[in-house]
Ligand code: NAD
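Heads up, the chain below is alone and in the form predicted on its own; it's given as structure tokens.
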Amino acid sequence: MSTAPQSATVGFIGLGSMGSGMTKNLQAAGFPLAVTDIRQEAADSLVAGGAHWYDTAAEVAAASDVVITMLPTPKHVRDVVFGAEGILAGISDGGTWIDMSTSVPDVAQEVRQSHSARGLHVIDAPVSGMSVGAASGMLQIFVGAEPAEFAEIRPVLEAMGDPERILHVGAGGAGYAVKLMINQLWFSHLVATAEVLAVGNAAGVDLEVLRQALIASPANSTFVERDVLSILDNGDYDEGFAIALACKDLGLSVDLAASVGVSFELSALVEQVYRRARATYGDRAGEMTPFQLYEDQLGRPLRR
């Protein structure tokens, strides 16, 4: 794959809330696109701008210098890669596949092992920044790849992400692990913060006084200082990222811990809180909805 932006055709599979913004930025940067999705209408604006629509992942891979997947779950990734009309059926020997989904290393590792003779470049590059970052081209990207591979694909990544926050975090699989651990710690911050604010406020401490005390203490975090304000000021539990997806990510974190033989008791408990919130408020509730479990116990919303 050439590093010249206008010369490399980028295949993109998955044009949902993240992929739609990412592909628009790739197109704006001058990359020719080959695309597919379960909804053909998702590609209408891209096709109008010159992208080529293909009916199968195999056709996308065959038409591309590098093919990217941005899909909801590891099962979706597996189906798109190994299916009868999947990426492996179309990609050229020596080709490059970048999985930007939040996933686990299993599928990518299986490709490396079962197709080792083909010289494929299999790279994981999950992202952070949600649909807003995807639309603005300012995603944070965590890349698991060999150094030479990272250098080769960087121009493609820079069309979708903040150049200062495109991080080479290690060899294949490291990108997946970093993204899952970031998500896990953020979800843990949310549950811990909700619990602390609810207990402290119920004990008679003014909510903002308590928050400022936390900020001034060794217990401060970005979540306490900034992220929680969407709830405390606006009652916004971030429906832009559904709790069903948060539960999926938490489950992947627990699975990763089990696969490497590390105990994960605290994070497993956070996962249980999230699953209880999902059961209570529904799949489409926002990722910060577990906060409401504590507000319901108090009988009132926690607001500044």
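Quick caveat: nothing in here was measured; it's all calculated off a predicted structure. Throughout, we count residues from 1 along the sequence that is shown.
Keep in mind that the form predicted together with nicotinamide-adenine-dinucleotide is missing from the display, and what follows is about it.
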query: S17, heavy atom within 4.5 angstroms of nicotinamide-adenine-dinucleotide in the predicted complex; finding: yes
query: 4.5 Å heavy atom contact, I38 to nicotinamide-adenine-dinucleotide in the predicted complex; finding: yes
query: 4.5 Å heavy atom contact, H189 to nicotinamide-adenine-dinucleotide in the predicted complex; finding: no
query: 4.5 Å heavy atom contact, D249 and nicotinamide-adenine-dinucleotide in the predicted complex; finding: yes
query: Stretch in contact, per heavy atom within 4.5 angstroms of nicotinamide-adenine-dinucleotide in the predicted complex, of 273 to 281, 254 to 262, 237 to 245, 26 to 34; finding: 237 to 245
query: The single option of M130, A174, L207, L229 touching nicotinamide-adenine-dinucleotide in the predicted complex, heavy atom within 4.5 Å; finding: M130
query: Heavy atom within 4.5 Å of nicotinamide-adenine-dinucleotide in the predicted complex - residue from M160, V80, I98, A145; finding: V80
query: Sequence-ordered list of residues in 265 to 304 near nicotinamide-adenine-dinucleotide in the predicted complex, where near means a heavy atom within 4.5 Å; finding: none
